[in-house]
Each structure stands twice: as C-alpha cells, then as structure tokens.
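The chain below stands alone, shown as structure tokens; this is the form predicted alone.
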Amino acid sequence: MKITVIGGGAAGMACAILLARSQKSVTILERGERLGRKLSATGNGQGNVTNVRMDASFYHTDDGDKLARILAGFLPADVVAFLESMGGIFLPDGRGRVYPAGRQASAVTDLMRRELSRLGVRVVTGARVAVLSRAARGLRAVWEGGECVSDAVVLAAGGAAAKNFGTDGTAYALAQAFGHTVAPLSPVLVQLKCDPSAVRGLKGIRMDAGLRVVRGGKQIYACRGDVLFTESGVSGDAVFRASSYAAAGDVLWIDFLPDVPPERLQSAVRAGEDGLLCIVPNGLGRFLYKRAQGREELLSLLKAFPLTVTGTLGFDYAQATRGGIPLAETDDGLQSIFCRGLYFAGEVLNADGECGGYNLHWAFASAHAAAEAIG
C-alpha cells in the first residue's frame, strides 16, 4: 500500500512514522528545503510536545465531540511513549508542559528525522504540491518536477500561521478541489496590540501576572503567566493563551501582583516616584506613578491595569491558525467525507489549542487517528 503525506511538519512526520512502522510504503512531500522547521521552534525553542492536563476544553473547533474522541485515542502518555520509542527522555514541568529533558526543540525534529531515515521513508523536499486529484486507482499529487499516484494521501500541510516556516494557507485549496469548505481563518497564539501610547516606555518589562479578558463588562477568559510589554502591546505566554479568546475592543486587565492581596500593598507602597521599589520593576513603577492620579489609583493599577485590544500582529507572527477544514467534513479517522482515501492531520484542520503544548499534541493525536484509519 502506497501512502503520500503532504507536509513534513510534526503531524506529517508523525503520521509517516506510524504508517511506515505498519509496513506501508510512505513518501513525504515537503515544500521547504527540510523537514520540521516549525517543530524546531516550538515551545520557545525548547520543544513543548504535549501537556499532561489534556482534554477538549483546551481547544476550539467545530466538532468538540469528535476532537475529544481523537484526543482520547492518543493521550499525553502515548505522545511521550511514541517519542521515547525513538530515543530521548521527555518530562513534565510544574504546569504540566512536557519537554525533552535537553530542552531543545530542534533535537525532537532530529529524533523524528532519524526515525524516518531508519524506516526508509522517502522524503522529497522542494515539492510544493500544486494539484491533488483523483486517479484511476487512488489519488494523484503533482508538483513542479514530479508526480505520484498513491492509494491514500494525508494532507498535513499546516495552516496559515508563520509563513516563514512555509505555511501560508495555500494548502487549503487542495482540499477545496474535492468540495471541502474552509472555516474562517484568524491568527491565534499571537501578540496582542493596543494603543502604543498606553505602553510607551514599558518595552522589555516582563512580569508573572494575572490576566483577564473582559468584553462588554463580562469576563470571558482568565489565566496567569508571563506578560511581556512590547512596542505595540503585550506578548508572553499568558497573552498567547488569551489571544485565543480576545478580540479588538476587549479590555485586558493585568494584575501585576497576583500573589499579593490589596491590604498588603496598602502598607508596602510608599509615597513618591520610588514608592514601588522591590514591588514591581523600577521602570514599571515609575510608569505607574506618572499615570496614577493619587495613591489610591496607584494601588488600583497594580491589581487591575487596563489595556484595550486593537488587534493582533497577524499571521506572520502567530504560532497557530484558528479555522481550517471542518472536522465535521471528516469521519473519526479524519478521512474526507467527499473523497475516499484523502485524510487530514494537524493544523490544516479546524482545531486549535491553547498555548502549552496543546497544538503539538493535536498534531500527534490527529496523525495517529489518520494512520490508524489507513492501517
């Protein structure tokens, strides 16, 4: 049985490995010059491959029940076992995020490349598939300089985020040719923008903070983590998580001292521009002092600093894509309901998770579902 996997990212490589282990003849077609470029940058370069706190509530999709079944079929322990079957050690941190013990994402890519080589998987780089169509027997993929006919094709070509890794959204057209639709696309796990004057002078300041997203006076999301001020707004892992929920016009409320109750601040804050020494970073302290109209407002800003969201930095800076091929247009093995033998895996599907290993877990879980169905 001949299988072609379009896309050499985490989902494509994982699916190819699983298929090759079940004695399938597998070819990976990768438009870039090497496999796993995006995988090598995941988890801030440290390789956050999954999260032990796993369920469908961490995801956005059009079919939560199907997503939950796919997740149940490949648990975090299964991801670790899959990766460690190639070598390496993978360990969780205090927040459940699982990393290679060496904390190097590129090493995860190397691990999977080595396994593909060991299994004899054919890899064709520089192969941007322009046409995918039905053939007399199976499916035909055509790229500049080559073509192949396979019994089944797994489309794992990514979404529209991070074009520098070769995922520019053009792969959706391959599925649309068979009648598939594409749920509206938007960037997620991305920096949020605000009025630059609201954060002027704060660039580079990072805090472990509480973060709430409020829309029309109603809180729609809350989390805690790193908040990093930038020229145009805020970044950091808390902001990336919040970006899955926030929209232009929403207000971010930042609690700079989530472990400190207001009454303790009352006795700690002193008068004057240096009154926040050893409470917040000096640059932030001076900024808040100049903004506040009196001591009470200063105390209030420490626990609830507002920023109005004006947008995001867009797909070029996003880590993941909201939208894509609806799960409702596939069966439980992620086979197309319009074309027998066409399967999907990874970010090309309408399923995106929060920051913390959830999107990479989906890459592995969906690859497993497709490989199992083909097998």
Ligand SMILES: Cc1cc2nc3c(=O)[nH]c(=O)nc-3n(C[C@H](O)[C@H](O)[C@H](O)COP(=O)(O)OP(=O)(O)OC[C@H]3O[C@@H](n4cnc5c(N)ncnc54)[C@H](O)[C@@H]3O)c2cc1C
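One-based numbering along the sequence shown. Remember, predicted model here, so these are calculated numbers, not experimental data.
Omitted here: the form predicted in complex with the ligand. The next part is about that form.
Comparing 61-69, 43-51, 304-312, 330-338 against the ligand in the model of the complex, the single stretch with non-hydrogen atoms within 4.5 angstroms of it is 43-51. Taking the partner from elsewhere, Pro326 is found to have every heavy atom lying beyond 4.5 Å of the ligand in the model of the complex.
With a 4.5 Å cutoff on heavy atoms, Val26 does not count as touching the ligand in the model of the complex; it lies far away. Although the partner is absent here, Ala318 sits close enough that one of its heavy atoms falls within 4.5 Å of the ligand in the model of the complex. Mapping the unseen interface onto this chain, Ile6 counts among the residues with a heavy atom inside 4.5 Å of the ligand in the model of the complex. A heavy atom within 4.5 Å of the ligand in the model of the complex is found for one listed residue only; from Leu192, Ala162, Met207, Val79, this is Ala162. Candidate site formed by Ile17, Ala175 and Leu342: none of these residues places a non-hydrogen atom within 4.5 angstroms of the ligand in the model of the complex. Residues of 1-40 that come within 4.5 Å of the ligand in the model of the complex, judged by any heavy atom, are Ile6, Gly7, Gly8, Gly9, Ala10, Ala11, Gly12, Leu29, Glu30, Arg31, Gly32, Lys38 in sequence order.
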